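First comes one chain, alone, set out as structure tokens in the form predicted on its own.
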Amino acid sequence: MSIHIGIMGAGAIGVYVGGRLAAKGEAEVMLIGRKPLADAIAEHGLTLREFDHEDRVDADKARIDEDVRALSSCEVVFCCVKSGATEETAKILAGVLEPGTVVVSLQNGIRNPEILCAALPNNPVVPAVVSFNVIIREGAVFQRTTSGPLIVESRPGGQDQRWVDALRAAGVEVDEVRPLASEQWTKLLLNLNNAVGALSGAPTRDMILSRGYRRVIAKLLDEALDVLDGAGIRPAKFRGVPLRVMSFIMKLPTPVVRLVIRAQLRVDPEARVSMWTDLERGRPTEVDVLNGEIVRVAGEHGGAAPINRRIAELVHEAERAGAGSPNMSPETLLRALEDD
């Protein structure tokens, strides 16, 4: 019997994961999302595009509902909403889910599982880290643009084996670790570059191959690592490489960086950070749970994180302007970070 899995927040990641499960018939999938997405899938079907192939999912297999009560019969629900919506979403789920329904947080930031746990005392909450990126294209096309696994925190006794096995059978690479905290911090540190991608307007690959933008990213990362050191927090290595080494690599000439990135990570030329998409669509960003988290940790331990604080301010200024990305050059961005 297939497992019944729900997706709360049918955005790029949610639809990609749910679509993978539906495409391979490994689960009965219910996605909670907005009507425009439902209409697009009804018209075009759902396309899941990878680096070297794509899969089509018929509209009747990728069911979209606007009513969260459709999740009431699910055994597992993946929470994929933006961090700013977690508290409200948790309260809604508390009124819908049966006791024992597993909730898996596929979200950025550190604190979302805590928020879910507080509102859902009768539901196991499993933290997870999504280490890949997905973009949405016209015609209900969801394109994976970076490589990487879904990392989940394993629970004793194989309690999550059914849905983990379903993901793997659907072609999703899953790593199980315990505890997950060090991986969550690593993902947050890597996501500090989201603000750079949002403010520059540069695709991820172009940003990484620009020595000027890498200087900004290295400054953010070095400051954040110092803050975490002071707080006694030890992030995990990124694919076997310590993040201090990653920062050092960022400062090397571009041809060297190109070789290292090619060995470590596949990046589609069209990949962009989700924060850029948020600015372009006039939506609030997650900068406060990324760069803002570093500022918060620094303050809790009697320190400061002026570079991460300043870049968060720049993102908020762009949000208020409502004109999309300000398309800042590396030189302009560096000067703005020094204006404090």
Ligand SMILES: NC(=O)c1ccc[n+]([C@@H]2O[C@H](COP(=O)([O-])OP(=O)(O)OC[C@H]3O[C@@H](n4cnc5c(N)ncnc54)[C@H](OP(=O)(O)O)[C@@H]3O)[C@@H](O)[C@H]2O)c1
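All values reported here derive from a predicted model rather than from experimental measurement. Numbering starts at 1 and runs along the sequence shown.
In what follows, reference is made to the form predicted together with this ligand, a form of this protein that is not presented.
- Out of the listed residues V152, V227, V81, V125, V81 is the one that sits within 4.5 Å of this ligand in the predicted complex by at least one heavy atom.
- Of the residues M328, A12, A23, A318, just one reaches this ligand in the predicted complex with a heavy atom at 4.5 Å or closer; this is A12.
- Among residues of the shown chain, M8 is one whose heavy atoms approach this ligand to within 4.5 Å in the predicted complex.
- Although the partner is absent here, F238 sits far enough away that none of its heavy atoms falls within 4.5 Å of this ligand in the predicted complex.
- In the predicted complex, L46 stays away from this ligand, with no heavy atom inside 4.5 Å.
- Although the partner is absent here, A119 sits far enough away that none of its heavy atoms falls within 4.5 Å of this ligand in the predicted complex.
- Comparing 307-315, 51-59, 38-46, 283-291 against this ligand in the predicted complex, the single stretch with non-hydrogen atoms within 4.5 angstroms of it is 283-291.
- Contact residues in stretch 104-137 (any heavy atom within 4.5 Å of this ligand, taken in the predicted complex) are L106, Q107, N108, V130, F132, N133, V134, I136.
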